[in-house]
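There is one chain below, alone, in structure tokens, taken in the form predicted alone.
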């Protein structure tokens, strides 16, 4: 069950689209999942660490654009 005040169309918007490919990498010693954007950039999708302190680091918050060699 899903209880929400939002219209169902808004909740399910983009549900049928294929997800973007992601890569797992270590950024600043913190394992993250990122979406490559090209030209040595990626957007952090989620933090994969088991250390709770890593979730407070501003440089790996979801949505953050990271720059550098993305392998």
Partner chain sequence: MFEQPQGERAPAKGVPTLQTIKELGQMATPAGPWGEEMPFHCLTIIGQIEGHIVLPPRNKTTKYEHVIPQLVAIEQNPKIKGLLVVLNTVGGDIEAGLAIAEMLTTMTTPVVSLVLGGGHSIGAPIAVAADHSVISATATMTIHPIRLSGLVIGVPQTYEYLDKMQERVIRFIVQHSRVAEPVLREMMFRTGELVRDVGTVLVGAEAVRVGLMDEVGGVSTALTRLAQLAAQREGGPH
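Residue numbers count along the first chain shown, from 1. Keep in mind the model is a prediction, meaning the values are calculated, not measured.
Below, we turn to the form predicted together with its partner chain, even though it does not appear here.
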**OP:** Answer yes if any heavy atom of residue 9 is within 4.5 Å of a heavy atom of its partner chain in the predicted complex; otherwise answer no.
**Re:** no
Original post:
How about residue 2: is it within 4.5 Å of its partner chain in the predicted complex, going by heavy atoms?
Top reply: no
**OP:** Check each residue of 10-34 against its partner chain in the predicted complex and list those with a heavy atom within 4.5 Å, in sequence order.
**Re:** 14, 15, 16, 17, 18, 19, 24, 25, 26, 27, 28
